[in-house]
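Only one chain is shown below, in structure tokens, and it's the form predicted on its own.
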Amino acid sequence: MSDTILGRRTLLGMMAATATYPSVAFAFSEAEASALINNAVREITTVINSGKSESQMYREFERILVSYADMPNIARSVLGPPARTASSSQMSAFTRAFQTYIADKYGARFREFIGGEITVNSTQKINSIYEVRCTANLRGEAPFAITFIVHERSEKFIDLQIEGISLLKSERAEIGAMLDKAGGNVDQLTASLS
């Protein structure tokens, strides 16, 4: 058998294996999960200490959210069962409104982090997620734990837990109450978030 045929067969076999087992060929690792959160924290800290106006900071926080958080899946999870019946355009509009709402809501709290530091301590894989455990050290306060939950497939974070309290679950309850107030109407909820 010629080297050319063997080379082609080997190449085709490798391509087929990569297509069949993409997670083996391109597995996301603990180191990458840690690096993702380190980069997100560094960008957030840079914005906090930038001296920009609040409105400028909020838009920067939103950009960071879109870069490092799986906002479409977070928005779907927060919306709950109505996400299954919402159209793709309704979900897109809700996701955009929700990420702006979150950036503004938590951006207002980030002032507390001026001069503070968030340190990544460890990362542990649990099934298809990585728990990236951090410590927040703020001026005049006792250190507290923050854990980012990074999903292996999206390679972005899908939840944030502060002292064990899930922001995803908290937001799900709050958005659920807002949806009830909007009579179950997703479009009305989206408008109220805007």
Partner chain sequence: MFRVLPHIILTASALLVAGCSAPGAGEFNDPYEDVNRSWHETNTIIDRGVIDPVSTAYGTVVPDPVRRGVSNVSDTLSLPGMVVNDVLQLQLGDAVHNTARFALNATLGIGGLFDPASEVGLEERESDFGETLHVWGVREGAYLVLPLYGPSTERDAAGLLVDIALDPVGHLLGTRERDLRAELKAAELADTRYRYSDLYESVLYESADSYSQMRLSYLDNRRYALGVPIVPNEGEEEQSTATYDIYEDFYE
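Values in this document were obtained by computation on a predicted structure and should not be read as measured data. Positions refer to the first chain, counted from 1.
A second form of this protein, the form predicted in complex with the partner chain, is not displayed here; the remarks below concern that form.
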Could you tell me if all three of E141, G164 and A173 have a heavy atom no more than 4.5 Å from the partner chain in the predicted bound form? yes
Going by heavy atoms within 4.5 Å, which of 29-37, 142-150, 43-51, 57-65 lines up against the partner chain in the predicted bound form? 142-150
Contact of S128 with the partner chain in the predicted bound form (heavy atom, 4.5 Å): yes
Can you work out whether R96 and the partner chain are in contact in the predicted bound form, taking contact to mean some heavy atom pair no more than 4.5 Å apart? no
Look up in the predicted bound form whether T100 has a non-hydrogen atom within 4.5 angstroms of the partner chain, and give yes or no. no
Close approach of S92 to the partner chain in the predicted bound form, 4.5 Å, heavy atom: no
In sequence order, which positions of 37-72 have a non-hydrogen atom within 4.5 Å of the partner chain in the predicted bound form? D70
